[in-house]
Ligand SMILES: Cc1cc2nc3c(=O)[nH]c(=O)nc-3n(C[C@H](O)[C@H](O)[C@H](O)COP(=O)(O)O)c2cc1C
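Here you get one chain, nothing else, as structure tokens; it is the form predicted on its own.
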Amino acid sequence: MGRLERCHDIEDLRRLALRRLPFPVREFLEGGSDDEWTLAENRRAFQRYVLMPRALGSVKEIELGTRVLGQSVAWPVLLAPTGASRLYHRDGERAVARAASRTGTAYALSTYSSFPLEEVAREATTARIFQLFTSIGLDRSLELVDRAQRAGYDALCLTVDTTAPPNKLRDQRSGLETGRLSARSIASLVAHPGWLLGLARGGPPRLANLEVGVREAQALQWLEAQRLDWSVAERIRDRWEGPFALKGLFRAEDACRAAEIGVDALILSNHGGRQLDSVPAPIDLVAETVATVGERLEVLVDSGFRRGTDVVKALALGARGVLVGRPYLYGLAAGGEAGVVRAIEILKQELVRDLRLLGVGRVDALEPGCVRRAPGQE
């Protein structure tokens, strides 16, 4: 049995991945902003919900297939956009796209990907989503929208919660944010020659879609993101010919405004605890958002998902689908494409088992009666 097969849950994959990554990259992957309260809250929040199984349901088959953003997927867990994935494995986003295709799910490619969006699109045979940051100004962002359209992406996702640089203390202390690596970071890089060799094969890290260096792109990001408003979102909506999602909304009134400008879906997200600290866990926003706009918009959710039961809770509360980021990045770091497939397999096996134990045969049959607040959390 290989190392990946000995990983029985996402935490096993996490431990294997962290052993293979040098210290500054581990901190970048694991860290959040400020005190990392939101980072921890994303996991704590799932403990506030309990599942309510149906007795004697005679569940013979489990049906996971659904439709998200106008596309059929084999199951309701999608791969979230995560930038600079070549930091974790030399094949980066290309490996993730292939793994998504092998397992029948959708992959959302980040603007900040290590490989050009056209190249990644050619690796994918299932639903393709392009995630947009307006970090290089509106005109060039619209050019990216056009490129994604020509490359065959099926949906567009605009991220709206990155209007200022987060205070990521781990990256400051490791030196990854400033480019002045700490002594501990340098020593760890030297102790991971395999990782260094894999990175060296592809050349220095770059943001392939932007045609600028990492430092320049970071400077541009915070300047241009401050100009992101509803009028910009409307222009992007008008430019894109297909399903359109906004990622990073929190308030019900913002969800209603999104519906008014023709948005098709919302992705409830706090960026995995990596942006503004002290914001709520997205799982706690699902029921309210669905009650407010669920008849007009698809509601998806990310941040903190690690178990099949986490997915069940979100779907029972009304979410159409779930996105995961760190779980598949652990797989990528642990074993490239095969590791991403293993992460997906683990979550899918858990979901199938959980649905059977819950007495529900189809993901679209999950409903609010399947979940309730834990005692003392009402």
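Residue numbers run from 1 along the displayed sequence. Predicted model, so just to flag it, every value in this text is computed and none were measured.
What follows is about the form predicted in complex with the ligand, which we do not show.
Contact annotation: S303 falls within 4.5 Å of the ligand in the predicted bound form, judged by heavy atom distances. A residue is said to contact a partner when one of its heavy atoms sits within 4.5 Å of a partner heavy atom; A80 meets this definition for the ligand in the predicted bound form. In the predicted bound form, none of the heavy atoms of P76 sits within 4.5 Å of a heavy atom of the ligand. Although the partner is absent here, L29 is a contact residue: one of its heavy atoms lies within 4.5 angstroms of the ligand in the predicted bound form. Contact with the ligand in the predicted bound form holds for all three of T159, G272 and R326, each having a heavy atom within 4.5 Å. The listed set S188, T289, Q131, S114 contains one residue whose heavy atoms approach the ligand in the predicted bound form to within 4.5 Å, identified as Q131.
For the candidate set R307, K247, R94, R86, a heavy atom within 4.5 Å of the ligand in the predicted bound form is found for exactly one residue, namely K247. Comparing 136-144, 272-280, 192-200, 229-237 against the ligand in the predicted bound form, the single stretch with non-hydrogen atoms within 4.5 angstroms of it is 272-280.
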